[in-house]
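Okay, so here's just one chain, in structure tokens, the form predicted on its own.
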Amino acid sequence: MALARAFADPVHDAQQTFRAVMNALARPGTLQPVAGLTGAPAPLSPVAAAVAVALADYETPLWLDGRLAAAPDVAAWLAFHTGARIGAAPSQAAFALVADAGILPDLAGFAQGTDVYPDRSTTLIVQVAELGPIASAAMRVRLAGPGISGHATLAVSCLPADIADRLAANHALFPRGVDLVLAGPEGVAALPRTTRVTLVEA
């Protein structure tokens, strides 16, 4: 495979993407724009690719879901652009890339961190087809917690029907638990472990 270039301006573009992810985690429910990497091999989405390249490095083991792992160009591209060790077990992964959000693995299977070192947990980068406050996706979730004034509503497609229950169990582990970064077509939103998530009835 001819490895396509990642960021046109590696330092500036990576910093901009990193800030977008940090802003999303600090303000859950907000959509933060991210310029995707169009050269990323399918089925890795351009926005998820940009987030992975901005966050991962040789010290951060990376796990790929079945759909991504089945595409060898994805692992080669990520290894080349990040230096990360690809194929880590979920419980050892610093970052996990999920292309098939509908069959999102059990969150408890990923690294949860500890009470002393909660940062030693997995951050999941989950690709979704639609994302935003007014997206046409069928699933809408209400978010409350740190970084949110009152509550926020986020529309997102592809997530499992029981995602609110899964996230409630994850929230109950605080300060342990995983954080989710949702990578949509135009940007990212986050569901950190500090956020309480409930489904909005249609």
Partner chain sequence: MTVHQTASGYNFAYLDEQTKRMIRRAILKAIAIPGYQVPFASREMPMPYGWGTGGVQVTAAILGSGDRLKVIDQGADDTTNAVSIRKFFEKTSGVETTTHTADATIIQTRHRIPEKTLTADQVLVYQVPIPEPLRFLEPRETETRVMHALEDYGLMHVKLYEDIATHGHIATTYAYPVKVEDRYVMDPSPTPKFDNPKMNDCAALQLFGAGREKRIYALPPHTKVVSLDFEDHPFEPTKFDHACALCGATHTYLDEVITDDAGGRMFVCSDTDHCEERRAEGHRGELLGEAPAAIAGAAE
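Positions refer to the first chain, counted from 1. In this text, all values refer to a predicted model and were calculated from it rather than measured experimentally.
In what follows, reference is made to the form predicted in complex with its partner chain, a form of this protein that is not presented.
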*Only one of Pro160, Pro146, Pro33, Gly66 comes within 4.5 Å of its partner chain in the predicted bound form by heavy atoms, so just point that one out.*
Pro146
*Leu44, Val156, Leu55, Leu167: which sits within 4.5 Å of its partner chain in the predicted bound form by any heavy atom?*
Leu55
_Contact flag, Ala138 vs its partner chain in the predicted bound form, heavy atom cut 4.5 Å_ = no
*Would Gly132 count as touching its partner chain in the predicted bound form under a 4.5 Å heavy atom rule?*
no
*Considering only heavy atoms, tell me if Ala8 and its partner chain come within 4.5 Å of each other in the predicted bound form.*
yes
_4.5 Å heavy atom contact, Phe80 and its partner chain in the predicted bound form_ = no
*Can you name the residues of 8 to 25 that have a non-hydrogen atom within 4.5 angstroms of its partner chain in the predicted bound form?*
Ala8, Asp9, Pro10, Val11, His12, Ala14, Gln15, Phe18, Arg19, Val21, Met22, Leu25
